[in-house]
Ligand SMILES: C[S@@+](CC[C@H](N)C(=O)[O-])C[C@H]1O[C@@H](n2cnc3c(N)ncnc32)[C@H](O)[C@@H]1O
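The chain below stands alone and is given in structure tokens; this is the form predicted on its own.
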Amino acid sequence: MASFQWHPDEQPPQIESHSKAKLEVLRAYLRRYFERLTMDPRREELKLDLVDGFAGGGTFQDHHKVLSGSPLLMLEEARAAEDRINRGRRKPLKMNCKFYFIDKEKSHTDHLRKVLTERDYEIDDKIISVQTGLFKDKVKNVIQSIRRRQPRAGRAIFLLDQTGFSQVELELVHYIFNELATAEVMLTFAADALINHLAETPKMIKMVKPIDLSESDIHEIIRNRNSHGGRALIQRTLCDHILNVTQASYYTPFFLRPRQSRRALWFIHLSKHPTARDVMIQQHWDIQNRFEHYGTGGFDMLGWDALKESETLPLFHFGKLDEEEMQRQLLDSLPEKLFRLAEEEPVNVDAIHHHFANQTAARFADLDKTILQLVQEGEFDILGPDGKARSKSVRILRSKDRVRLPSNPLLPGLPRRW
């Protein structure tokens, strides 16, 4: 995967389709993120730190137009959000954001400083900090700065758009989550490059050290990669590995295939908060078929390209028909899974969301819709936080509501849906 080059005395590089897609996801996510966190009209300030660990030079050429790169995009969306939110608002809200733009190449940060200055942004380290160096060498000081600004919340978004798969140590992502409980990380991971070139050599073992793959892991991947269904198994294993090392609770994968190399890239959103996951999965439905996802929309649809090894799996477009098929799949498979969760004692809605979030393209509202239909059909009951049964005609689930097995189960011998 080729990397872009910037120099302050030259035109910015031409953008490639996969980078354009990532920028579209970032812009859409920030827009919805700001909306979600400023819904309370009583709120007077939103503190947020945005970190771009591989910032580049700030702009791209898009044919004959200049396109904003991730640093400018972050600044633009924060400014636009403040203007949009304060329209008609009685008590103005202040967007108190700080931006950290880091790149290892001086020519890149020189170009970035140039485009920021041309657009009247002040680089003073109070609001905008441009730093030359490796992200791994800067992250500790950045986190200390965030904690000084936000000693309680520590709300931050880290964009780690690395080239390849080994520039970001997964343990660093774990460190971010450990230090900042409400942080989110958007990570690029060149899955195909790793799988295709993995070999049991000292050079490769050294190369994969940042992602914490052991020699036995490498051997297992090499052994499986050319077997039937092996690539799917490897990608699921890598996904689990990323979650285990980073200790993220939630992930949302975007699958990209650059036209230039045809090698799969994962653009993964990692967080510890269900709301962040739900906001990001909504981007799949909003952007729809800009990314490749295969499956029927039920459980175990991870979005990895390896699922295409089964010729029977359709492309999932995140459109109206896909939504209808997904609801049918959920209605068919959720009862058995929910039964297992609630078999010993009632389980609350928050726990249900957490349990299923990483297994499906469904938003939490889609899961709730299915649960409510199952309740109306008598397959489960809903208890309020006070332990009292709610009406079977209830239309909205609350986070602390609990799902239990029905007090009046189906007649003996009458099979359930599952």
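Worth saying up front: this structure is predicted, and the values here are computed from it rather than measured. All residue numbers are counted from 1 along the displayed sequence.
As for the form predicted together with this ligand, it is not shown, yet the points below apply to it.
The single contact residue among 222, 134, 80, 245, judged by any heavy atom lying within 4.5 Å of this ligand in the model of the complex, is 134. Between the options 284, 113, 98, 104, the residue in contact with this ligand in the model of the complex by a heavy atom within 4.5 angstroms is 104. Figure note: of the listed segments 159-167, 86-94, 146-154, 236-244, the one touching this ligand in the model of the complex, with heavy atoms no more than 4.5 Å away, is 159-167. When contacts are judged by a 4.5 Å heavy atom cut-off, residue 397 does not count as touching this ligand in the model of the complex. Among heavy atoms of residue 34, none comes within 4.5 Å of this ligand in the model of the complex. Contact annotation for residue 23: at least one heavy atom lies within 4.5 Å of this ligand in the model of the complex.
Using a 4.5 Å cutoff between non-hydrogen atoms, residue 48 does not count as a contact of this ligand in the model of the complex. Residues from 50-65 that approach this ligand in the model of the complex with a non-hydrogen atom closer than or equal to 4.5 Å are 52, 53, 54, 55, 56, 60, in the order they occur in the chain.
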